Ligand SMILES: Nc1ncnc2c1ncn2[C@@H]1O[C@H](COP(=O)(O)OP(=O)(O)OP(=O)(O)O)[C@@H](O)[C@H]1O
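Form predicted on its own, single chain, as structure tokens, below.
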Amino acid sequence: MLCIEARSLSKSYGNVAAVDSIDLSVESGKIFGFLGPNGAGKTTTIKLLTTLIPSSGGTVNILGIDASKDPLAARKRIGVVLQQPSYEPTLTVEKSLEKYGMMWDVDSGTRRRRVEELLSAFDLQDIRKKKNDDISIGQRRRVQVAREFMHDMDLLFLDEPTVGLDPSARRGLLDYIRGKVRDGLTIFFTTHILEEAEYLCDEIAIINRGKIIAVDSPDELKNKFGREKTIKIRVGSVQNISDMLQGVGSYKISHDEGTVIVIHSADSEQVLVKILQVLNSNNIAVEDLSVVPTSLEEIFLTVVKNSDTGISGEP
């Protein structure tokens, strides 16, 4: 079942197309990553999907609801955490959570239970009595994300939710999100930290200049666009090794206590075979050999660069 279905969705400001006739399909119970450079159209797309701004064209269905015709019905079933900081400066952390539950008409017993659960899940117990004005930026961000879980929802939009969080708090939030998805929640997730997307997302769309330029699972994106692999070979300190390896292909050599030969090529396996043959013929022992997989960050940079230069993203 599709949780989000957008067709030819557009938003223009004068002659500038912030979102340029995009199609999106997000399955229920999944974590959908939405990646792109600054100014690519990510936040505008979220505001369109959550009915915070009107579209210039196209259609949006959220949980089977035509969001343009019945935005209130759609909003009742979703949660939204935008990039912009949002907090009540004079309220304590626990009062902020409780107030948010009251705004959504959550009954008092459920509110109390959820406040305690979220204070624990987001490691906020020690600051529960502190006012939001008196806590750090990262702590405020945790409160901002935590309070969204005070109400029931089927779909949650998270726009850069880990900004300002330390690594421990970031991993805790990502694991909490994973747990909620196992319980049936669908997540629409944007981030500039590509390791987060690789760790969390079932499917990823990459947007650039208002257009969707790639959509697939992290593994399939790597299969499509990650043709180059990096192979590292460590040998003992050897003189004139560069002369020995002339003409075998694309590689570089770095020196520390020994010698590391780095192969970075679309034909890295063929280059590896040639280098091993040369090393063997010269009685040079290989101390270590490792294959470094292509990262999602490398894929992202490649796809965006190809889009900017007009090169087809398909291999």
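This one's a predicted model, so the numbers in the text were calculated from it and none came from an experiment. Start at 1 and count along the sequence shown; that's the residue number.
There is also a form predicted together with the ligand; it is not shown, and the following applies to it.
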So in the predicted bound form, is the ligand close enough to Ala18 to count as touching (4.5 Å, heavy atoms)? yes
Is there any non-hydrogen atom of Arg128 lying within 4.5 Å of the ligand in the predicted bound form? no
Hey, in the predicted bound form, does Gly64 get a heavy atom within 4.5 angstroms of the ligand? no
I'd like to know whether His192 contacts the ligand in the predicted bound form, with contact meaning heavy atoms within 4.5 angstroms. yes
Any idea which of 242-250, 31-39, 283-291, 268-276 reaches within 4.5 Å of the ligand in the predicted bound form, heavy atoms considered? 31-39
Considering non-hydrogen atoms and a 4.5 Å limit, which listed residue (Ser55, Thr259, Thr50, Thr44) is close to the ligand in the predicted bound form? Thr44
Which of Glu148, Glu98, Glu196, Glu160 has a heavy atom within 4.5 Å of the ligand in the predicted bound form? Glu160
